[in-house]
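This document starts with one chain, in the form predicted on its own, laid out as structure tokens.
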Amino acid sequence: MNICIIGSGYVGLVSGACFAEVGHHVTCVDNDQRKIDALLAGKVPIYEPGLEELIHQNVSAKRLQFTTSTAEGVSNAEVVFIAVPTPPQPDGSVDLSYIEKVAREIAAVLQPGQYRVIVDKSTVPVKTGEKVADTIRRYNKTGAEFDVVSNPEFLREGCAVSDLMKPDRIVIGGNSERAIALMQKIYEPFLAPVLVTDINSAELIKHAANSFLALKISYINAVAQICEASGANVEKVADGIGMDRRIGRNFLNAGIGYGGSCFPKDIAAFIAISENLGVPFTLLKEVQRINRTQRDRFIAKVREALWVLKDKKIAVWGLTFKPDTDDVRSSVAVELVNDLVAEGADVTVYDPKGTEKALEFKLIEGAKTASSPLEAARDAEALIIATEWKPFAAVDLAALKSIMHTPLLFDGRNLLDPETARSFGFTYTSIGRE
């Protein structure tokens, strides 16, 4: 099939590359000329395992192309995906101006004679599909035939290619059998369970799913506080909880809180959606509160050990919100670095993939950067693990201790084994474990 994806960011690029990989012909559109120029030159603007290779091989096979022209993308496509940003507003609600702008652009180029399906792929509040359909009808003067469908994405950064190629489920929300049939045809090669529902339900599924996962994280972080007060081990508690098949072990890892481009934004949006509908979701406000206080509690542990943070040399390993990505948006690690800098600490950071973007977006002003974990830790009075990158777990602890001024190790992601770390002479502190 011929597919157009408007928005060549994280979701758009991964979706476009994977659709092309299974045989569809995909045109990715973006209004950022520099991004399109980079993609045309073979440079992928985001890091995601396996994505660069997938893009290169499908460009070579002429199944994947890039343009800044919405008209070019839409004119050749049977199905048009909208995958543009939906950033949060100060009150937590979603800024839908990018969605509205794209809907108007699509309306301006739709011509009669070719039926098209317009797909909301971005994470949007319930009833957005109705607004998109109304906007296209309002601004299209030709009477072009189309339907709007909701098809939320469930991609986890760091394993997004695998998630799209082998999804847990595919959700298609639509009110037209013709549109749903075309969507099922697109996804036929992926061999995954397909849930067909109405548009409003599909739009709610994404916000409800992310909010539930964030709830699990905040829940285990609250349990970790009880473990610390009682001398219990949060990992053993999580194992015991997770062995219940009704609950599962995923997302029961205690740490310094969740971050990233999805969870904070989607939870705030779901709270705003529920309040606008007159059904306040107060449980999610507590999820937010626990997440905020988790980082504060962690920094308090560092402050207690060092007494005064001002002028203390502190190394931080990790800037991305999770491993195997270069995404530093709403990263708890970045927030932690800035908290330390604000207290006057002399902070040096290292991240395998995220440093360049953190510097580009001026997210860690006041902190130094290092080219390796050991370089960052040299002469440090304390080391903080803020992102659970696998290379950090494999570090030579003897070499690490030998270069640090004081062997204080604060593991914000429970990445290391406490007994092992202490056997090398570290004063080791983690989350919910003695």
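Please read all numbers here as calculations on a predicted model, not as lab measurements. In case it trips you up, residue 1 is the first one in the sequence shown, and so on.
Missing here is the form predicted in complex with a small molecule; even so, the following discussion is about that form.
At least one heavy atom of N210 is located within 4.5 Å of the small molecule in the predicted complex. For T135, no non-hydrogen atom is located within 4.5 Å of the small molecule in the predicted complex, even though that partner is not displayed. Proximity of I290 to the small molecule in the predicted complex falls outside the 4.5 Å heavy atom cutoff. Interface membership of R116, defined by any non-hydrogen atom within 4.5 Å of the small molecule in the predicted complex, is ruled out. Partner proximity in the predicted complex, defined as non-hydrogen atoms within 4.5 angstroms of the small molecule, places exactly one of 156-164, 342-350, 138-146, 356-364 at the interface: 156-164.
The partner is absent here, but in the predicted complex a heavy atom of I217, alone among V302, V79, I217, I273, sits within 4.5 Å of the small molecule. Put simply, of G174, G129, G259, G73 only one has a heavy atom within 4.5 Å of the small molecule in the predicted complex, and it is G259.
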